[in-house]
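So this first bit is one chain, no partners, the form predicted alone, shown in structure tokens.
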Amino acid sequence: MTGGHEVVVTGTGVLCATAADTDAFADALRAGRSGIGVRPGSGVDGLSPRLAADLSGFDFRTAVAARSGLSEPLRRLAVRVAGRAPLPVQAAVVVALEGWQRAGLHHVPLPAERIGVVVAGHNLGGRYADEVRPRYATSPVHLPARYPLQFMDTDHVATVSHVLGVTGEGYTVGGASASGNVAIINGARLVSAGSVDACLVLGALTDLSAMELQGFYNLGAMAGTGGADAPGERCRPFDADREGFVPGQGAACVVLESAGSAARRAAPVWARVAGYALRLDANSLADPSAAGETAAMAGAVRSAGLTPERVGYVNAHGTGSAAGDAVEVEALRAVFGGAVTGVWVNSTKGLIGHTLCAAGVVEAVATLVQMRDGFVHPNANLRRPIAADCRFVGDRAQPAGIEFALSNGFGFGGFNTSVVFARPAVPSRRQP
């Protein structure tokens, strides 16, 4: 990017079906480990059993205790403030604590007013509202007193800022499944403009209600309508036999910081945010646009001052939908031309499901750990690729030295986003 402060990544946090932190996530990605299964208790009332990549055995207090490098008072505060919060807020706190620790903000802090929080997501607590509704129907006066706060997406910003003492700018942003990248772009703009020195960008866990899940099924967007056999094989991005996406529970954090601030704090630098673009399709429907996706990818590459052949890896949006995957391939060809045969392409969603509003941030972390550790993860269940000219990663991880990576995020309603990450001169090593 030109102008303003250079923006770098100094910390990450992640929580998903296959991992409880960043290093475990890297190991799961390299192994091609799937977190997709059948959601317990689904398949009632004559509906198909629901495939999902849910958090398994998550316990908030245990997860907070695992951040043993943080002070005991901070961990106690986190439990006190968020111990009774809905799952999405608890997940946001956990990944924020990991990002805070990995960025070294507990050792060499910044002034509270120089730190911001941007949360990616909207309509995040559908299941929480469903769980509370019977209590209201039975006895309205017993509706939880905190419900007016907790049903609002801004509760994520408020709770994380309370726990970490952040007093700079903060807000939520939404862009359907592109929300994560929209948040990264907004966080990068805050840092680049000098409004904050660092910004915690949080991809919030989308906890879908039964009605919301059924809506996606009725739209034809989800895998699993034919039954729940071999659940780990049903999410098939870029495969000829793809049948839709599998919802995944996940949250993630990237700490964006000005390069000057990171240098003054001697903070680890994972990557540079080299460029980005956000484009609308002027389309209120769910159908993707090759022109919009091409504009976002090409715009991000230009913003980074690159030519397409310098990009070595694309973390594709790749949901496994019939139309979406085909259109993304068309856009990749339009952007990369003949160079499309040389750029690695994979989709993280085949392993952890589609984490919806959090996807852009979760997959940014996936991109960053692959850059850090020098590999590209497998494309799960890709047996009959829809494009012979694209360099899809096969069923095993491959070694790859990635200098520049492109991470895509596209959303219903015509949201198209791409972010370019650049490898730093001295890559960050694994941090506790």
Partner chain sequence: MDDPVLAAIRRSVVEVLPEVDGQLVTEDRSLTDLGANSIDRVDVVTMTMDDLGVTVPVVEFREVHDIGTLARLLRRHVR
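In this text, all values refer to a predicted model and were calculated from it rather than measured experimentally. Residue numbers count along the first chain shown, from 1.
Same protein, other form: the form predicted together with its partner chain, not shown, and the subject of what follows.
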| query | Looking at the partner-bound form in the predicted bound form, is S139 within 4.5 Å of its partner chain by any heavy atom? | reply | yes
| Is there any non-hydrogen atom of R80 lying within 4.5 Å of its partner chain in the predicted bound form? | yes
| request: Find out whether any non-hydrogen atom of L143 is located within 4.5 angstroms of its partner chain in the predicted bound form, and reply yes or no. | output: yes
| task | Although its partner chain is absent from this view, report whether A129 comes within 4.5 Å of it in the predicted bound form, heavy atoms only. | result | no
| query | Considering H106, R310, R264, R84, which brings a non-hydrogen atom within 4.5 Å of its partner chain in the predicted bound form? | reply | R84
| task | Would you mind picking the one in R333, R302, R135, H122 that has a heavy atom within 4.5 Å of its partner chain in the predicted bound form? | result | R135
| Which of 288 to 296, 317 to 325, 145 to 153, 170 to 178 has heavy atoms within 4.5 Å of its partner chain in the predicted bound form? | 145 to 153
